[in-house]
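The chain below stands alone and is given in structure tokens; this is the form predicted on its own.
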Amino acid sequence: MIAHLPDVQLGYDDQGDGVPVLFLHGFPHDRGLWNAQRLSLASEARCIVPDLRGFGQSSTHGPFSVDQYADDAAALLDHLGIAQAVVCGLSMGGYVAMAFWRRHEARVRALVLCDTRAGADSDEARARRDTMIAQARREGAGAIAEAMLPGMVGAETRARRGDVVAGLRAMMSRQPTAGIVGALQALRDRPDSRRTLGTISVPTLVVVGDEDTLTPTSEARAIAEALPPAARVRLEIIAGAGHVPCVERPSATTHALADFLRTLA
């Protein structure tokens, strides 16, 4: 489906009944990242799964920032008549989820932060973003997919799940170059969210693959430890998964999400 919003067109899926859950994908993905969860959770949740600006079927024009992505997601909820949702983001989507909390706190029923970190980029990381921006402009999405793929999945997936690796390569390779460049700029310039964690007052689930090298378990533990008692934090470490456990270990990830959603009833 396509939502024609005042400033942007967003591709999205809307499936299921129950508590609304807004799923936000990572970089450089599209909404297909969450297909397994959308299909499996539809019997107990209303799964709203957009392509962020610049990806999938969404508009490729700016502005690009984590705040803009969050505002786009809020506009989609307005379009669908949804006042409040569980906001679930992976990696870049986790940064957007934290921005969503800062900007639209009253609309957040609960949070799920997957394979992400709260801190801003270091100077070295910003320089790597700039190098990747130049590569994307010069060589296109396929080159970015090949550069990202080694860190995207865990050793278990690389050894045993060639289908998953191939599917992720195809997903990343088909993203618009303009969206990739805009997202890299947004990631490079995003604010530090560590103070944001201390303000979170809704139930929060933190998920991470135990083989994640991009945002390792130490980052997930740091998020969990920084959350206040009001967040009633739960930490789930998904065995045999890297940076995208929702694709690498879909059943285990869905089980963790379903258990969390039931605590909200």
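No experiment lies behind these values; they were computed from the predicted model shown. The first residue of the shown sequence is 1; numbering continues from there.
Only in words, not in the display: the form predicted together with a small molecule, which the text now covers.
Undergrad: Looking in the model of the complex, any heavy atom of Gly209 within 4.5 Å of the small molecule?
TA: Heavy-atom contact with the small molecule at 4.5 Å: absent for Gly209.
Undergrad: Please determine whether Arg126 contacts the small molecule in the model of the complex, using a 4.5 Å cut-off between heavy atoms.
TA: Outside the cut-off, so no.
Undergrad: Does Thr157 reach the small molecule in the model of the complex if we count a contact as any heavy atom within 4.5 Å?
TA: Flag for Thr157 set to no.
Undergrad: According to a 4.5 angstroms non-hydrogen atom cut-off, is Phe27 in contact with the small molecule in the model of the complex?
TA: Contact with the small molecule, yes.
Undergrad: With the small molecule left out of view, which of Met171, Ala99, Met148, Leu111 would have a heavy atom within 4.5 Å of it in the model of the complex?
TA: When the small molecule is considered in the model of the complex, the option within 4.5 Å is Met148.
Undergrad: Which one of Val202, Ala222, Leu214, Leu39 is close to the small molecule in the model of the complex, taking close to mean a heavy atom within 4.5 Å?
TA: By the 4.5 Å criterion, the partner-contacting residue is Leu214.
Undergrad: If contact means a heavy atom within 4.5 Å, which one of 87-95, 174-182, 73-81, 133-141 is the stretch that engages the small molecule in the model of the complex?
TA: Of the stretches listed, the one contacting the partner is 87-95.
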